[in-house]
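Okay, here we've got a single chain as structure tokens, the form predicted on its own, with questions on binding and movement later.
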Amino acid sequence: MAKENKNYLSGKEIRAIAKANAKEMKRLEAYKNRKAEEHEFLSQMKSSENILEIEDLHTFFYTEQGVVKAVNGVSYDVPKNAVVGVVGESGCGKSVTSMSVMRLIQGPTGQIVDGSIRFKAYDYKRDEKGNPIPNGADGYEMEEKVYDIAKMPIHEIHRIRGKQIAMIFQEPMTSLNPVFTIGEQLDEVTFIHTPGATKEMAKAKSEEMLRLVGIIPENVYGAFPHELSGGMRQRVMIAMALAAEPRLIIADEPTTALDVTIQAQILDLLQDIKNKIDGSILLITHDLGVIAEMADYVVVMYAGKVIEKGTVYEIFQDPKHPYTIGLQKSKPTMSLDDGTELYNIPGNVPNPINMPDHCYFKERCAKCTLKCSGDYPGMVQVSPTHFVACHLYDGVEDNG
């Protein structure tokens, strides 16, 4: 038997990994929980047209086997009043990126290691003690600020999470608390994010949000989650996300576990709400049909990286990356003849603990060239709004 087996870790290697992980997690936890002045996490947007800019984001998970690079240098923007769809197969880093934006990565094993998440917030003006400044009427003075969420101490994230950026999770039954009524859970949003909110004010706001998503408040406000259908629970989740009037809604697989008819209703509701709140939506899904219907821009992710991004027309009518082309070919259509085998992309995603230096899609790509064994390809601009990370387009610049 060979003395070395690369498929297994020795006890010495496991102890070395644990020691290195513990040191790095301690450093990152200390940074996350530090006390910081506001100017330390204020920033500037690269484009005034964007509401969110994610730049070179790295989010890792420290495990006994090594460091899982779930998000490994992701960059994309969310423009104002737009729907950006993020698509890719399971495990590509879509949800981890969105959880990083919300700062919901579970520590100490999960950490944002590097990168920027710039968000244009509309926040309360605050005095020297950090308290909101009244404007003399019933409200408070507001001002526009750009926060780098990745650099914010975790105790400051309440300025953003829930109020400025809201999230609609995949499974509403696990997101709603089964022991509190719908009304109690909706009212809590107003109590947390509106200074001086009264019980009457919170109830009025909750009922307004329920009506906005097509629910009669009298029938649902006093009900418990288990008394509602899946579609109704998802509408409640959307109402909860809207209660604090966010500038950005992150919808993470909002139609999961819903039947086709209810899916269509939820998607129509999201599109209608986007226009009413004058905000943006970051839509995360693996369903290309949903992306084609809802999105203005599309980001395609693979193995923790963005491999292509552009307008919805460019991605669907002129896809460049072999992975994007493979995803579209894998989608079942009504035109398939009886007995025709549905296309699937061969091979498997590389191990996220031991990622190669070359293109991650190389072993699965039918258009692989000698260049693909070299360095990982950089992002190439093939039109003003279309970008692709593939050696097939090296040297191509803005020929769209």
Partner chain sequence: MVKYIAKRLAYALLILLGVSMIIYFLIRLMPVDFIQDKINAINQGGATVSEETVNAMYEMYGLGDNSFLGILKGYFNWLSALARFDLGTSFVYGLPVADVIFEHMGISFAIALIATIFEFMIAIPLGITAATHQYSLRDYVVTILVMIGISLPSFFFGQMLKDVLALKLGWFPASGLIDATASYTGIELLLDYARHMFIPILTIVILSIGARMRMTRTNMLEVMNSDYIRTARAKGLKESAVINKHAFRNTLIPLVTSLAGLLPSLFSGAIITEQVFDLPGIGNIALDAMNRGDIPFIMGYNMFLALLSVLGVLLADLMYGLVDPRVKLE
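Please read these numbers as outputs of a predicted model, since none were measured by experiment. Numbering follows the first chain given and starts at 1.
There is another form of this protein, the form predicted in complex with its partner chain, and it is not shown here; the text below is about that form.
Only one of Ser229, Thr261, Gln106, Gln317 comes within 4.5 Å of its partner chain in the model of the complex through a heavy atom, and that residue is Gln106. Just one of Ile112, Met240, Val87, Val78 comes within 4.5 Å of its partner chain in the model of the complex, counting any heavy atom, and that one is Met240.
Although the partner is absent here, Ser175 is a contact residue: one of its heavy atoms lies within 4.5 angstroms of its partner chain in the model of the complex. At a distance threshold of 4.5 angstroms between non-hydrogen atoms, Gln185 is in contact with its partner chain in the model of the complex. Taking non-hydrogen atoms only, Phe224 approaches its partner chain to within 4.5 angstroms in the model of the complex. Its partner chain in the model of the complex comes within 4.5 Å of no heavy atom belonging to Ile273. Annotated contacts: Tyr31, Ala36 and His58 are all free of its partner chain in the model of the complex [non-hydrogen atom within 4.5 angstroms]. With its partner chain left out of view, the stretch that reaches within 4.5 Å of it through heavy atoms in the model of the complex is, among 115-123, 321-329, 94-102, 201-209, 94-102.
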